Each structure stands twice: as C-alpha cells, then as structure tokens.
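Next up is one chain by itself, shown in structure tokens, the form predicted on its own.
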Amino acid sequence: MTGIVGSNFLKVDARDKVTGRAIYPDDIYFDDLLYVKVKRAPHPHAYLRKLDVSKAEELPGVVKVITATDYPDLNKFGLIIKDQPVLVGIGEKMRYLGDALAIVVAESREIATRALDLIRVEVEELEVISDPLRAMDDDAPAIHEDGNILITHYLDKGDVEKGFAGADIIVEREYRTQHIDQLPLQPEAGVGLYDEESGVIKLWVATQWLHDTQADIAQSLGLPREKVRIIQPAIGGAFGKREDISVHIHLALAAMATGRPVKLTYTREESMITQSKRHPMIIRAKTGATKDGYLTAWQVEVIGDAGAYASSSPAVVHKGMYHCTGPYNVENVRGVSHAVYTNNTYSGAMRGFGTTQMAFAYESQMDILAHELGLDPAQFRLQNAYQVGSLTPNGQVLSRSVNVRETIKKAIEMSDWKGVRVE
C-alpha cells in the first residue's frame, strides 16, 4: 500500500455522479417498456392454498400475470445454500412477508400496482416464529424441512477451564443486537430484455457479485450461464445488500414471458420487507481476568437470526464468533455459533460481516471488567491488545498491520484522556 494510503486519487465515477450524468437502473428506458410488480406473501408463515389471478388478468393494461404454475421447473436460489423459491406455488410454504406469489406485468407501474390488489390469496396460517430462541425449541414448528438450526460452528483454543480457574474475576453477560437495514439511496431496480432468437436474457441490474449472481440466475432458470448477461449500471449504494438476488430472476421471467423490455423498481417499503438486513445476534459472553488486568479465558455463544433464508448467514455468524475476543490476546477461548431460521426478513451481508455485532459485546465486556477491577479502561485495553506475533482465536498468527496499540494511544492523545499510563 506504499504510496496509496494518504494520497489523493481521482475517483473515476465522481464527476458523473455529482453532475447527474450517471445512469442508474431506474434511469434506463426502452421503447415498448412494460412495468413489473410482485405480489408478496400476506402472512409470514403459512401454506398457500389458493391463488386466484383472474381479476388481475382482466384489468385493462395488464399484459401477463406469472405464477409458479407457469414455470414449474424453477430451481431455488441463494448465495451459499439454494433454499429460496422464485415463486411460491400452491401447497407450498411462505416463510416471510417477502416471499413472491405472482409477478404482474403491465403497461404502466400504476396499473401493475392496482392489479396486485385484485389477486385473491387463501392461506393456512402457521405459528410465526420471530425469536431465534423459540425457533431452537424442540417443539417449534420447522420453518424448513431440515429444521430451524441452519448451521452450527465451534471454536476451541487452549484450555478454557484452566483459564477460568486462574482468573480473579469472571464477568458473564448477554448482549442483543437488532435488525439494521443497509438503506442504500437507490432501492433495488432493474430492466430486463429477452432476445428470443439467441435465447439470451440481458439484465441491467446492480450487483456486488457479478459472476456469482449470473450463475445463480442461470441455475434457477435452468439455463447455461452464457444465456444470462448482466450489464452493470451505476450502483446507488450497496453495503452488502446487493450481494443477494432481488429483482433479477423476476425480471428475467417477465421478459421471457412477454418478449418485451420490462422494468421492476422496488419502493422503499418493498426493499425493507424483502431484502437482507444486518443479523440480529444474541451473544452470551463469559470472560475471565486476573486482578492486575490480564485476560485469561473467553467463552462465547452466538445465536444469529438468519431470518427466512440462508443468504450469507453461515459465513456471517461463523466469522462473528471468530472475532469474539476482538483485538485482544486471550490464550484460552471456546465458542459455539448457531445461525437459526426464523420468519423474519432474511439476514445477509452488511459492512463488518458479523464483527460489528461482536464488537458491541467484547468492548462491553472489557469496560465492565475494567470497572470491576478498578483499572483504567484504556490501559486495560493496551496491556491486552494484539501485537505482531499474536495468535487469534482461530489460530492465525498476526505478522503485519497490527496497529491496535498505536490506534489506542492516538485516541488517548487526541481525546486528552486523563490518568492513563501509556508505554
């Protein structure tokens, strides 16, 4: 990074963005353009028993209403685990309010929106599970066929029992974090075009994982990857949210079914309901330290609310657990993490990838320990902070870019912190 950090570089897309010349998905138009809206689940956990789209189809200006009956061979999609249906069919389960039941294609956005209210839905309601602890109960109804615990990971370093036996103080606390929406300025949007002669679907949609998204769309539609082309417009913010499929497959189906260019733009409400959020986590931490302020043991249990579908949960919750001690040396560490299905909007990537939630827990533990021991919290952190050669909970030896001590010292200096001994 020599010559990069601290230097000024021209941001190649800055001029277009500040002058308004940048082209975002919702700015793209074609002649003969159709507009798409999606009928969503009326209940977060229920079986679909009846779906009547006849009144919507009769509305003037509606070109096509697509249901699972029209495409019975669609494959489920997902970033890591393919567990999310493109459209919920009769007799199948809806698992959150964002599940798609029907795709309406019309001559205007207003007509497509009106048509949604004409679709009649009958469901068999099931218990709604919004708490991951309830989802883990033995008597909880299974949201997915294989159960509600999506994945469990373990962590072991050193001898935790020995570490706690050598501690003069042990602090145990439970911490909880909430759903947070990434809230990029641009809601999910895109335009789709199908070339019947070549069989190629062109999608103008923003994504963070271009080739992975292309592959996921192709496998869901049962097409070779080269039949799906994604043309990346300007991205109006992402922050992890655009790793997931949003409008992509529904646009492809609408374009193939009508043979005309189609546009789908979410409202902010639709974006909030349907697309991934930062994981809410329950973090149970147990930390031991000596009376002179050295950490001896750290034990953690992490329960991550995956929501209705897996998305990035297996990675996010796992990585969060690996950061349970933060930037502090602890010789003895034990952890277990569970990603758990609920009927909430599914959770996925957001900046920090699980470490943000964990920082709330480990820094709280450090403050409590410092207070209980009568130590300055800054000095307490300094004497436990990582240095070159430190070993992380998952066994990584830190060989460079270990600047936590320098950062703490600079923060002390800039904040004029009183009473701390800096070595």
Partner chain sequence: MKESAARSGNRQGTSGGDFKDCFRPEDYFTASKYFAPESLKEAVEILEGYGGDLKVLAGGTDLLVEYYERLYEVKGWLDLKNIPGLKEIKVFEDRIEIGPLVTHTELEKSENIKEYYPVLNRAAADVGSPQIRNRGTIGGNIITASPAGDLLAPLMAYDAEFKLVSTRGERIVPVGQFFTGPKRTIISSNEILSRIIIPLPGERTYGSWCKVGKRKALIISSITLALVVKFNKERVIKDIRACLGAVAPTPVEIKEVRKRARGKRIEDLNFSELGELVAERISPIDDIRGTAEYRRDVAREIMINALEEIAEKAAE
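Computed from a predicted structure; not experimentally measured. Residue numbers count along the first chain shown, from 1.
Absent from the display: the form predicted together with the partner chain. The rest refers to it.
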- line: The one residue among D212, E92, E122, D137 placing a heavy atom within 4.5 Å of the partner chain in the predicted bound form is E122
- prompt: Pick from D159, D117, D146, E172: which has a non-hydrogen atom within 4.5 Å of the partner chain in the predicted bound form?
  reply: D117
message: For the three residues L87, E226 and A252, which mark the spot I'm curious about, does each lie within 4.5 Å of the partner chain in the predicted bound form through at least one heavy atom?
response: no
query: Among 164 to 172, 307 to 315, 106 to 114, 331 to 339, which stretch sits within 4.5 Å of the partner chain in the predicted bound form, heavy atoms only?
result: 106 to 114
query: Is there any non-hydrogen atom of K64 lying within 4.5 Å of the partner chain in the predicted bound form?
result: no
Contact of K39 with the partner chain in the predicted bound form (heavy atom, 4.5 Å): yes
message: Within 4.5 Å, heavy atoms only: does E269 come near the partner chain in the predicted bound form?
response: yes
- prompt: Do L59 and the partner chain share at least one heavy atom pair within 4.5 Å in the predicted bound form?
  reply: yes
